[in-house]
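Following this are structure 1 and structure 2, which are two forms of one protein chain, each written alone as C-alpha cells.
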Structure 1
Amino acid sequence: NNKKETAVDGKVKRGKIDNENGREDGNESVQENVLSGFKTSSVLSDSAREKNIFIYGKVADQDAVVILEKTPIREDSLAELFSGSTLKLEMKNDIYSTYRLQAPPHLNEIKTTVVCPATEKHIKKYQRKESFLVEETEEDYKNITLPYIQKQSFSVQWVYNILEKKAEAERIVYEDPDPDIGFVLLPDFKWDQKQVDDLYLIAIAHQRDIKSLRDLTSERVPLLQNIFQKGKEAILQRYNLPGSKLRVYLHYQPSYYHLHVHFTKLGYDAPGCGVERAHLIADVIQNLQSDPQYYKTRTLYFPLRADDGLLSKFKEAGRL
C-alpha cells in the first residue's frame, strides 16, 4: 500500500491508502514537520479563484505532492478576527480603503495535504492539463470504456475498508446497514468540517456490483431513493442543513468505480459539479423510472484530461 501523510491545521495525520483517491485511516497524532525538508521542483497547478496550489517536489529523496489550500473564513470567528488582528493601510481614496490584515495564527491556517511517496499517477492527477469532452455511445461503453476499466483493475479496497469498518469508522455520519439499499455517509476528505459553507459528504453504497451510472437500471431505484432521502435526513440532523440547500449527484465518469453519491451545499462550487460531469440523483431516479435501461443505452458526455488513458483509447478508436 502507498503511504500518505496529511498535514491539516498544523497537525499531521498518518494513514495508509490503497490508491490515488487519498483516503485516510482516521488516526490523528501530532508529528514532526514533514515539510521542513521539502524541496520544490515545480508547480503542477494553481488557482487564484479557489485559493490553492499543487506543488511537486521531494521529501527525503521521495517524490511528493503538496497541496496548499486557504480555508474558508468562518462566521463564528469574525469577532475575534476583527479584534485580534493587526491592519496595515495600503491605500485610501475617499470612502475606499484597503489593508493587509494579519490574523491571529490559529485563524490564519492553511489546509495542507502531503502525498508521499507520490506516484506518477498522483503527479499527473494534479497537473494542469487540457480537457476534452468525450461522446460515449452504448457501443463505445461496451467496446472502449468497459474493457479499459476492466484491464486497469482500479483498486477500491479502501472503499471496502470503510464499508467493513476497517478504516475511517469514526468518521461515519450515518449508516444504513441493509445489504441491498444500505450505505454509509461520511465527509469527503476535501472538506475540513469546520463550516457548512463548503459541506461535502459522500454516500457509499453497500452494493459492490455497481461500477457507475452505466450499471444502473430501474432495479436500483430503491437504493438511490434510500440514499437520497436518508442522506438528506442525516445531514439535516447533524448539520442543520435542509435538503433544499443541497446538491446531490453522481459523477460520470466517476473517480473510482464503486457506486457513490455526492452531497454538497448548494452555492459551493465543488470540484466536478459542472453539467458535463455531474448528474443530479433526482434526475437519475426519474430517468430510470421512465426507462429502466436509460443509462445502459443513452449517449453520455463527460470530460477527460489530455493525459487520461481512456482518452487515448477513444482517439485510437477514431471517436475523438
Structure 2
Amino acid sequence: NNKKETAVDGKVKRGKIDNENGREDGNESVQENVLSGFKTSSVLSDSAREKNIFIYGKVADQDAVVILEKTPIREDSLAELFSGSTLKLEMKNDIYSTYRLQAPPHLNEIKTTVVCPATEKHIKKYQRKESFLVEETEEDYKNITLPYIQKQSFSVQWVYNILEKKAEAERIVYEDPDPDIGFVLLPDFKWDQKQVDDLYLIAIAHQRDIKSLRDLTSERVPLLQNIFQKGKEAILQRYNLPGSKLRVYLHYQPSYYHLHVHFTKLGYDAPGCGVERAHLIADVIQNLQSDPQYYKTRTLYFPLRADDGLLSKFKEAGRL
C-alpha cells in the first residue's frame, strides 16, 4: 500500500500533503468565477475511466480549453466522507447494495485547468486523434523538424515567467540558481498536490538555449546530473519519496521547446510516460557519456497525432 510510505516529517501524512502553514490549499484564493459565462463549442475528448473531460468553448469571445478532472479520494478524508455525507440507496439485493453518496462540497472538488486564450494548436493537442510513429533521422531533424518547430511551437512564456518568478513563485519546491547547471523544480500543473500517489513535478533548466533532447551533447551532462541528483534529493526531503520510487524522464517531442525534466511517481500512469515518448534521464546521461553526439546523430522515434502539422511535413517529404 503506497499510502504508507508517505508517513514522515509532518509535511506528508498518510498520502496527504500539508503546506508549511499546516493548512492544505495554503496558496489558493477564491477567485471570481471566470467560467460562469463559458459557452461549450465541443467536447475534445473525455474518459469515463479517467473521469475527465476536455472541452473547447468561449469565455467572453475568447477561445478557451477547459479540462475538468475528478480527483482521487484521499484516505485522510474518509472519516468526514462517511460521517458528513448523505447516502441515497440505488439498489439492494441480498448482501449487495449500491448508493449515491453526496459528499460535503469541499470533499467533492473538480480539478479545473483553463487555457485562455487558447490557440488552434492547443485545441488540436487536447483532441483525441489517432497517432502515427515517426522515424526521425539526423537529416530529418535538420530539414523537417527544426524548421517546423522554429515557426510553429507553443510559446514558452509560462516557462520564462517561472524562471523569472513572475508566476508560480510560491510553488517552487527547490531552486539551484546557477546559470549553467541550475534549474527550478516545482509541481507540474497536472498535479493537484493533494496526495503523493500521483506526484508530478517538473524541473526547468535556467539555460534557455536547449530546445529538446536533440540539442543535448556531453557538455550538458553536468546539467542533467545536477537536475537528476538535486531533484531527487529535494523530492525526498519534501515528499519523503526516494529516487527508487521516481520515474525521471524527458519527452521527445516535447510540447514546449525549453529543456525540462519530468519527475513522476513510479506506478502512476502519467500521460506521456510510454516508451514511444519518454526517455529516462539516467539513460540519456549514459548515452551522452558513451557518445557525446548521441542525440544529434541517432534516429529517434516518436508519435505524432494525425492532425499534427509536423506529420504533414514528414508526409510531404516522403518520410511516411
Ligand code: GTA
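Just so we're clear, the structure is a prediction, and the values are computed from it rather than from any experiment. In this text, rigid core is short for the largest set of C-alphas that superpose within 1.5 Å between two forms. FYI, numbering is relative to structure 1, first residue = 1.
S.K.: Only one of these is the form predicted in complex with the named molecule, so let me know which.
M.R.: Comparing the pair, one sees that structure 2 is the form predicted in complex with the named molecule and the remaining one is not.
S.K.: Residue 113: CA shift of at least 2 Å between structures 1 and 2 after core fit?
M.R.: Residue 113 C-alpha, core-superposed: shift of 2 Å or more.
S.K.: Does the C-alpha of residue 284 move 2 Å or more between structures 1 and 2 once the rigid core is lined up?
M.R.: Stays below the 2 Å threshold, so no.
S.K.: Would you kindly give the rotation angle of the smaller rigid part between structures 1 and 2, in degrees?
M.R.: The rotation of the smaller rigid part against the larger one between structures 1 and 2 is 13 degrees.
S.K.: Superpose the two forms on the rigid core, then give the C-alpha shift of residue 85 between structures 1 and 2 in Å.
M.R.: For residue 85, the C-alpha ends up 4.9 Å from its position in the other form.
S.K.: Core superposed first, then measure: what is the displacement of the CA of residue 65 between structures 1 and 2, in Å?
M.R.: That residue's C-alpha is offset by 3.2 Å.
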